[in-house]
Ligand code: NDP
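Have a look below at one chain only, the form predicted alone, in structure tokens format.
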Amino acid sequence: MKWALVGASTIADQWMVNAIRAAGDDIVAIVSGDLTRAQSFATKHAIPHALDNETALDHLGIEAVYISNTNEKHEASVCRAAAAKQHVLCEKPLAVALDAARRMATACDDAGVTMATNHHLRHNAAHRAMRAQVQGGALGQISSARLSHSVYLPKHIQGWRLTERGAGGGVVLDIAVHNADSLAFIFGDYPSQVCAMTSNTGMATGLEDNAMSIWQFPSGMTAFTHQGFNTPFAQTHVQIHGDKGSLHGEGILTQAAGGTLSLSTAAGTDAVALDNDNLYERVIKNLHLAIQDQAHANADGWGGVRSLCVAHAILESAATGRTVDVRYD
């Protein structure tokens, strides 16, 4: 399959070029609003075409696009690709505004092209093992989950994430969407209500760099989640608790494969074996399956919309001091 990259981003550079090529696909073009940046990226990765205009892709036989420009630009890029009958893999959050995200998913549906949201964390081996344990009944009746995704935002990608709400800045839009998707993948459902508080600890300018919230799911299960840009020594973790057992996952909310998972029951605590592999390569493999109308594990476009709905509810709850219903319609 022939790909174009829209956005000469860090994630494209460090992860997606290799993941696409590992699937046996070709990267034909890179597009950036800064032509010099596009040319530098193309030279580094031996990509034939460096462009500053997405319309030029229409004449290159492109079959799929990976979109990682800033979030407020996603809608135009996705809708152009859909109109050109090109399959779409788009970074998260899909957009800043919910209506924009809905238009993106609708455009791909109407055009008959496959759309995936790059929620890579669901492909972590521990996430997959947690899902299997929950579905297999190993924990019994699930009562609660605890998820801590507080990290230190690396210097080289701080920029707009700490200053520009209009581009999707702030820790909630950047990280909470991941957490909504992770728990939805594990439990098969999204929260119905959230109650949240956010704070600015001085790292961001005019935006939240720390957020904590309680989510309630339709089953009655509750989850505590923590997102942060400001904790350089924290360890990410996911815990799931039931009346027959608990799962404890550590170091499983990162871009790299790895981390540990243990299961505690009345019989004791045992490590769960994990078949760690590259999360982004799994995204591409599953996109191929989706294009072929086969069963796959990716978050589709509407999955990206739903995770964004959760993030918007968190921001609304923090702003109003109220528990907020998550509106998915």
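A quick note: this is a predicted structure, and the numbers were derived from the prediction, not measured. Position 1 is the first residue in the sequence shown; the rest follow in order.
The protein also exists as the form predicted together with this ligand; that form is not presented, and the subsequent description refers to it.
- Heavy atoms within 4.5 Å of this ligand in the predicted bound form are found in exactly one of 296 to 304, 65 to 73, 42 to 50, 266 to 274, that being 65 to 73.
- A heavy atom within 4.5 Å of this ligand in the predicted bound form is found for one listed residue only; from R161, R122, H226, H87, this is R161.
- Mapping the unseen interface onto this chain, D34 counts among the residues with a heavy atom inside 4.5 Å of this ligand in the predicted bound form.
- Put simply, I157 is close to this ligand in the predicted bound form: some heavy atom of it is within 4.5 Å.
- Taking the partner from the other structure, this ligand in the predicted bound form has a heavy atom within 4.5 Å of a heavy atom of P93.
- At the 4.5 Å threshold, heavy atoms of V326 stay clear of this ligand in the predicted bound form, well away from it.
- Along 2 to 22, residues G7, A8, S9, T10, I11 each place a heavy atom within 4.5 Å of this ligand in the predicted bound form.
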